[in-house]
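In the form predicted alone, a lone chain appears below as structure tokens.
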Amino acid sequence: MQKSEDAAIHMPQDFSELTFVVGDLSSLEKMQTVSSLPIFSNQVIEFLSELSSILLKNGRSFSDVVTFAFWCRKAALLKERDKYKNCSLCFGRGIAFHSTPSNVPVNFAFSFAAGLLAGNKNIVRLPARDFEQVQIICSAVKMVLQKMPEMIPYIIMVKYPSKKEITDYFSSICLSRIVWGGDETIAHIRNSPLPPKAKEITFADRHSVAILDADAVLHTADIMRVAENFYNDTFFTDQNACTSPRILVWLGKNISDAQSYFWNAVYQVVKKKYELSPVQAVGKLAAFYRVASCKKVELVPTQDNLIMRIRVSSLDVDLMDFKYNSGFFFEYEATALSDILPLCSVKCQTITYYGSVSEKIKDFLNISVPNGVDRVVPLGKSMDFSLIWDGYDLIRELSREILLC
């Protein structure tokens, strides 16, 4: 068994509540003795490329699985590798323990792929909920491991309830801990100590903003495509992803006409694809009453409760404290892009945009230098994963570089 800081690490006596979905206790023991890999190693690229091929055949019914499969194609990974040509002596830090969110099905796959590409051995705590996407990806991983058994000690995927003893153990043997899932999850997991040389990367509660050019919306040749893209950014994950816009900021002229045109198209998509449960409907109403009791807001009349639009008269620093999900949106008509500055705190992750406003956003970021905002992407691209995420370069964060003089 591997040692850490000259002290033997002991497994928990009771692993009965731990379920190995990929790997087993034997592979966990091997993981602690096998060497880390160079970043973007050929065998990892071949592994992920083979995984991509299987998922493009078996996961077609889920767009998020297809997105992951497309992301880890060999050609795409080689293109990413070119960005790290100067890292000739960069290797994985060791074991990376990934705690992934329970409400975004495919997040775990991107996290473990980043850990692999950075050369690490990976223990992944899977979402607690039983998503079919998770089953499809894990089954594909096991199929590739049968073809490439040399990769077995580098990938373990587990499920377990919130049991500190197990988290303590996985934290004690890792040199990188990656925590997705919000402030409460981070606070809870930090009760489990890390080795002195371990690094922790956390992805805390964040919010995102959409900026729409009213004139571009009115003159688009395909409003339904715009609506589909917005649906993918928001309703596809019930706005649970940090990347999902919670507020729409409108710029330009004829904003009222653009809003009607846009929301009518979005409603058509939502009505066709989305199912709102009674508890979600009640939750949205309760969230509106909560914000209405504290701020000057107006509920925009809609056909039903599938989409709830709340018009706000100002962008206050604490507005996102009143956010909700399931199709709950604030709207604001801006006179200038600088109006959004109060929203761009350290809690702000992504700005999505539609229309010819990207240069304005760039100028705004350069001049205002907000404490937040880590990504600026076109509408429909908010869920697209990148190895630079939340301001972290995951390859560099999860690897170490040997100095050779």
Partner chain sequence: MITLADLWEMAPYSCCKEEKTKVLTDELKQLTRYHCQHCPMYENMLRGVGYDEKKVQTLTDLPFLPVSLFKNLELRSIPQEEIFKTMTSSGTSGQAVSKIYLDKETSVRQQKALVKIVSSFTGFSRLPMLIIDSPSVIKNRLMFSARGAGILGFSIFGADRTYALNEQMEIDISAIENFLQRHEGQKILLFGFTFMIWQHFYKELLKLKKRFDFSRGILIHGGGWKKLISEAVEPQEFNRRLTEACGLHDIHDYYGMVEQTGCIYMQCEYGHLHASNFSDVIFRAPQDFSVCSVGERGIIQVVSFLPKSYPGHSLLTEDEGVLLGEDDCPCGRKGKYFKVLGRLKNAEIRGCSDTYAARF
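Positions refer to the first chain, counted from 1. The model shown is predicted, which means the values in this text are computed figures rather than measured ones.
This next part talks about the form predicted in complex with its partner chain, which is not shown.
*Asks:* Could you spot which one of I155, L212, I136, V104 gets a heavy atom to within 4.5 Å of its partner chain in the model of the complex?
*Replies:* Residue within 4.5 Å of the partner: V104.
*Asks:* Which residue, N325, S192, Q259, T220, is the contact with its partner chain in the model of the complex, using a 4.5 Å heavy atom cutoff?
*Replies:* For this set of options, the contacting one is N325.
*Asks:* Quick check for you: of 120-128, 78-86, 312-320, 145-153, which stretch puts a non-hydrogen atom within 4.5 Å of its partner chain in the model of the complex?
*Replies:* Careful reading of the contacts points to 120-128.
*Asks:* Taking heavy atoms and a 4.5 Å cut-off, does Q303 contact its partner chain in the model of the complex?
*Replies:* Q303: yes, in contact with its partner chain in the model of the complex.
*Asks:* Taking its partner chain as it sits in the model of the complex, is P245 in contact with it (heavy atom to heavy atom, 4.5 Å or less)?
*Replies:* Close contact is absent here: in the model of the complex, P245 is far from its partner chain, nothing within 4.5 Å, heavy atoms only.
*Asks:* Given that the partner is absent here, does K253 sit within 4.5 Å of its partner chain in the model of the complex, heavy atoms only?
*Replies:* No - in the model of the complex, heavy atoms of K253 and its partner chain never come within 4.5 Å of each other.
*Asks:* Does the 4.5 Å heavy atom contact test between E184 and its partner chain in the model of the complex come out positive?
*Replies:* Yes - in the model of the complex, heavy atoms of E184 and its partner chain come within 4.5 Å of each other.
*Asks:* Can we say E359, F364 and S386 each have a non-hydrogen atom within 4.5 Å of its partner chain in the model of the complex?
*Replies:* No residue of the spot touches its partner chain in the model of the complex.
*Asks:* Determine the residues of 222-259 with a heavy atom within 4.5 Å of its partner chain in the model of the complex and present them in sequence order; the list may be empty.
*Replies:* The stretch 222-259, when checked against its partner chain in the model of the complex, contributes F235, F236, T237, D238, N240, A241, C242 at the 4.5 Å heavy-atom cut-off.
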